[in-house]
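What follows is a single chain, given as structure tokens, in the form predicted on its own.
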């Protein structure tokens, strides 16, 4: 790779997330399928890679305690400004490990935030998620599909299998089902489906998944 993807990623997402108001923040219903799991927990739910708070808003509307986390200070500033009722908000990079004790969460949500890393880093991040989940706890996630051609699949400089550096000098991974079963092999896969999301101007193809700590 020809550039510092960590530095470039931070610069890119700070620009994306700055100056957002609560009225700018919308969510889709992708978490509705897992409403029974979400409703059942009394513990705070970790919104990992929260951005400006699409899923944080959904969970708050459900009356849940949310800990919103992102690498971008601008994203966390937005969370604190727009969601004063949020349980907590933390700024950290997943590459540095997580700021939580073992067995801290019933549920971790990672919505389109796990596909920006090299293979070794992705595995370390998933290991950290496994560590902070209780036994039987769930990770609910969405990741890019290899069929997501509208959002960069197969485009740019290939760094690793299904991992590409794009024009912004950031990196993005695209998954097929075999990739997911490999990366998430330390979890029990309870639900996995390739789907289309229409929140953006062009449709996005992704995988929605639910996995449980063994």
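Quantities reported herein were computed from a predicted structural model and do not represent experimental measurements. Positions refer to the first chain, counted from 1.
Just so it is clear, the following notes concern the form predicted together with a small molecule, a form of the same protein that is not shown.
Segments offered: 173-181, 42-50, 154-162, 58-66. Contacting the small molecule in the model of the complex at heavy atom distances within 4.5 Å is 42-50.
For the chain shown alone, residue 20 is not a contact residue for the small molecule in the model of the complex, no non-hydrogen atom being within 4.5 angstroms. Mapping the unseen interface onto this chain, residue 143 falls outside it, with no heavy atom inside 4.5 Å of the small molecule in the model of the complex.
The small molecule is not drawn, but in the model of the complex it has no heavy atom within 4.5 Å of residue 80. At least one heavy atom of residue 70 is located within 4.5 Å of the small molecule in the model of the complex. Note on the partner interface in the model of the complex: the residue among 104, 122, 130, 113 having a heavy atom within 4.5 angstroms of the small molecule is 113.
When contacts are defined as a non-hydrogen atom within 4.5 Å, all of 13, 54 and 199 contact the small molecule in the model of the complex.
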